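Heads up, the chain below is alone and in the form predicted on its own; it's given as structure tokens.
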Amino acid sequence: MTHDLTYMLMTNANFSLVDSFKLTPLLTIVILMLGAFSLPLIKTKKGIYVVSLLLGSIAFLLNVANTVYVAMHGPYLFDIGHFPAPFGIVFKIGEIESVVSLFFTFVMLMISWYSYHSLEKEIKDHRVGLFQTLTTLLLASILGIVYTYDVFNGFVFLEVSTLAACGLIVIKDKEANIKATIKYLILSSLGSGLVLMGIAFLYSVSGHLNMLYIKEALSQNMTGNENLILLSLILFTIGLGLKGAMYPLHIWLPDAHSSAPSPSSAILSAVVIKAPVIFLIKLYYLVFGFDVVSHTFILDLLLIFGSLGMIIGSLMAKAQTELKRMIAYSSVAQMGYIFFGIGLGNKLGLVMAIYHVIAHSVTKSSLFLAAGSFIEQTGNKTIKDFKGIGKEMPITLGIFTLSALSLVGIPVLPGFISKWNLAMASIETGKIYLLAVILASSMLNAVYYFPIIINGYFGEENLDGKIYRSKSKPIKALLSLIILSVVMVGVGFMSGVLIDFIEKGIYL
């Protein structure tokens, strides 16, 4: 890959300084991959953390530069290697790719920062280097999924991200983690097989792997291949639905999220289950096209599964007694909103699906890390044991509260923006009855989050015997969480700008 980068620099000598910003996506992946494989060579924990944070910071800053470039100059295609499309690999970078990768790199940087102050309490010392290697490799592969304009290249990045995610779950080396990893690996492998079959069917019809060329070939060869095209659509939906925790294919998620170390849980919920959804959206609209997808039952299927996920995921969350397991089921419900938005089949629904990918990424990472702090400082896991935690850990419960209020749908916070606009999108489609699904899901979100918040802050019997800030972590250990929370609020307050930016690059 470094050879490819050198080749690009040499053969594109006529690149202006401004155009050189087009190199930033490839440069980000190259730096992260080289960094991931160099981390095991570092002997000290401090050195590992310093290099990890440096890599995360560079990736974030490069994506800031790339997003600014796209905002000023518009989307672009970037050929990688010696051969142009359709033979070579191409990145497509537009508004959606740039803003999603920007937030993914930001969230991963904050989680890496948080892990500096907490990870050694959850895993053995000698595995810190492996954790940071897997995290860095995972981010590189996730960005590859977001950037790619090539279906097989996307599949390869998807598999790298799956293997890295398995490592992040099993790294705790407990029986529960091993079982959860095996379950995730088996189901994810099943999903991979289905996606690969979908790619094979597409190649048999089109003869291409580049998304643009596949779309052109499908439009010319549609007649006589309708069933094959529908079959590949179904395979992609089920395969990526498995990896993206779409209800009822989510069964690996609660065990994996609840048993993994808290930084791993935050990574799984914030980016690992989001990247397959971004890939699915690209396949629907950049490969098959809206006309093809909208004339099948696929979008209706997504709408049904999304609605069921929003309701049943919330009901399952309410039934849990362990805090992280409850948040894990909450992720099933929140992924339901994303599939619901896609399933609506209109522009606003798709825009809000992508907005919710970003909103949920910053919100749920903050929530998982706050919950991890509770568990780390108290040694408890069950919800009933966190009564009065607001007196012992007021700042952390404040962060937890803010994130929970967003997921419930309190105005101006990102969760409210998503739900309000999804309601508007439902009205646009004439399916007003879907408002009942959004309303019921929001009420259920409140039913399982409010008791934790209220019991954490109030009630004489809850606060009795608790000492003010006795279990609080130092501010420097909470700073990454505080920044995540501030950005989460900003995603709500600046939603207009963010939604307008996403809308410019929407595939419809």
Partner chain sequence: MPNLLNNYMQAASVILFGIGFMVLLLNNNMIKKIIGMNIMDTSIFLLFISIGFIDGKEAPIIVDAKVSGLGYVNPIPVGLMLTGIVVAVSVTAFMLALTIKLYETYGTIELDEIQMIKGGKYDT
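Residue numbers count along the first chain shown, from 1. Note that the structure is a prediction, hence the values are computed from the model and not measured.
Missing here is the form predicted together with the partner chain; even so, the following discussion is about that form.
Site annotation in the model of the complex: the residue of A319, A200, M72, I432 reaching within 4.5 Å of the partner chain with a heavy atom is A200.
Screening I234, L286, I304, C166 for any heavy atom within 4.5 Å of the partner chain in the model of the complex leaves a single hit, C166. Partner proximity in the model of the complex, defined as non-hydrogen atoms within 4.5 angstroms of the partner chain, places exactly one of 180-188, 417-425, 101-109, 388-396 at the interface: 180-188. Among heavy atoms of E120, none comes within 4.5 Å of the partner chain in the model of the complex. Although the partner is absent from this view, L194 contacts the partner chain in the model of the complex, with a non-hydrogen atom inside 4.5 angstroms. Contact check for L209: a non-hydrogen atom falls within 4.5 Å of the partner chain in the model of the complex. At the 4.5 Å threshold, heavy atoms of Q220 stay clear of the partner chain in the model of the complex, well away from it.
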